[in-house]
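For reference, the chain that follows is the form predicted on its own, supplied as structure tokens.
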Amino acid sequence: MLLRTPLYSAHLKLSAKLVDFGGWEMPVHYGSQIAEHHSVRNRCGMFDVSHMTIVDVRGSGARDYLRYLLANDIDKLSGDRQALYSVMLNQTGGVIDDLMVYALDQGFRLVVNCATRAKDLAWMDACATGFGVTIAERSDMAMVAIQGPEAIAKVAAVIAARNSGEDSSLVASLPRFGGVIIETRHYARTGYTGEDGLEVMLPADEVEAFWWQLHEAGIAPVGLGARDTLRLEAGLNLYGHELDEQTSPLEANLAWTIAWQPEARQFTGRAALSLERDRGVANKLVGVVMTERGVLRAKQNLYCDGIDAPGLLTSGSFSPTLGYSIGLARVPVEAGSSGEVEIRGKRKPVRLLAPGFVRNGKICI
């Protein structure tokens, strides 16, 4: 039987189309995926992301443990920066998962992908030996993402009506990657759409009331279909597509998430990653644009000019913002700015560029 979030009944009331997503019964849309996509780009929308796994790490060794577990360095968390994106690697430098880590008053909070929950928790436990930490899955919590140019103002108004103007101001003034806990709710200025917004973690028994308050404030519900086209337009990776245990962050456009300094920090996978960096990678992740008719899809072959071995589309879709098809692809590092994608036995010309097509409502290509 599929798992359900605490917002399942709300999705039914809003006539959501529900699908199996990583073992969870989740809304793919509430009537129109494209309208929901535009709602986030132009105004704001809210997503049920309670299927994500929230894990709290506490104890005297929590900081040292996470500096060993993660490729990015949580020592970057200080002052206004309370959230950090990182990858968790195996010993060969492959990506076990990508995640967000948040600083708490005592300890840290991680949010990992739902489909990788079991292996993530097992790996975290295995790496915890000798660090003096407790690792607690927070199945008592839910999570809602509110994204778009109007998101901060809309949520602040909801908070002001429920709490106080002071609490509202705390959230409204959060910097990017900032976070604050107000009573039982953890507000973070993070997201997965390429737009500004918040991700809110709160007790599961409070989330439906919060959802309807957001709805009454004019925030449209958005399903996972639009979440995928939004993240693709932003050039953001999806685990199982751009990332997996056979792919290193160096080949996934994530070199910026690796904190090589200080050299004394021995994070898991560092040795293998260092060797790969020194010898050079064989592949790179690129954005793909196809203005001809047709839709780019994952697993289509991509032939680059002058290179015999084809690359491979890792993600692809019609872009509602651009009006044509876009994708991400892993190609030989020698690939230039053009190629051909094979669709139903026919090759169509495409343009290759740095990942990232739309950010903060602006077209980047």
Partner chain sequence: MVETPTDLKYAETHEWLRQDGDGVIAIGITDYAQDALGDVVYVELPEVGDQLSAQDEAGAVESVKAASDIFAPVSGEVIAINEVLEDAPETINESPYGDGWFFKLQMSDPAEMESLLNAEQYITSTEEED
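Quick caveat: nothing in here was measured; it's all calculated off a predicted structure. Numbering follows the first chain given and starts at 1.
Not on display, but discussed next: the form predicted in complex with the partner chain.
- The putative spot formed by N90, W123 and H241 is not touched by the partner chain in the predicted complex; no residue has a non-hydrogen atom within 4.5 angstroms of it.
- The partner is not drawn, yet in the predicted complex one stretch among 45 to 53, 64 to 72, 319 to 327, 304 to 312 has residues with heavy atoms inside 4.5 Å of the partner chain: 319 to 327.
- Of the listed positions (G107, P203, G94, G294), a single one reaches within 4.5 angstroms of the partner chain by any non-hydrogen atom in the predicted complex, namely G294.
- Under a 4.5 angstroms non-hydrogen atom cutoff, the partner chain in the predicted complex lacks K13 among its neighbouring residues.
- The shortest heavy atom separation between S39 and the partner chain in the predicted complex exceeds 4.5 Å.
- For V333, no non-hydrogen atom is located within 4.5 Å of the partner chain in the predicted complex, even though that partner is not displayed.
- Among residues of the shown chain, S32 is one whose heavy atoms approach the partner chain to within 4.5 Å in the predicted complex.
- Residues are counted as partner-facing when one of their heavy atoms sits within 4.5 Å of the partner chain in the predicted complex; in 339 to 355 only R344 qualifies.
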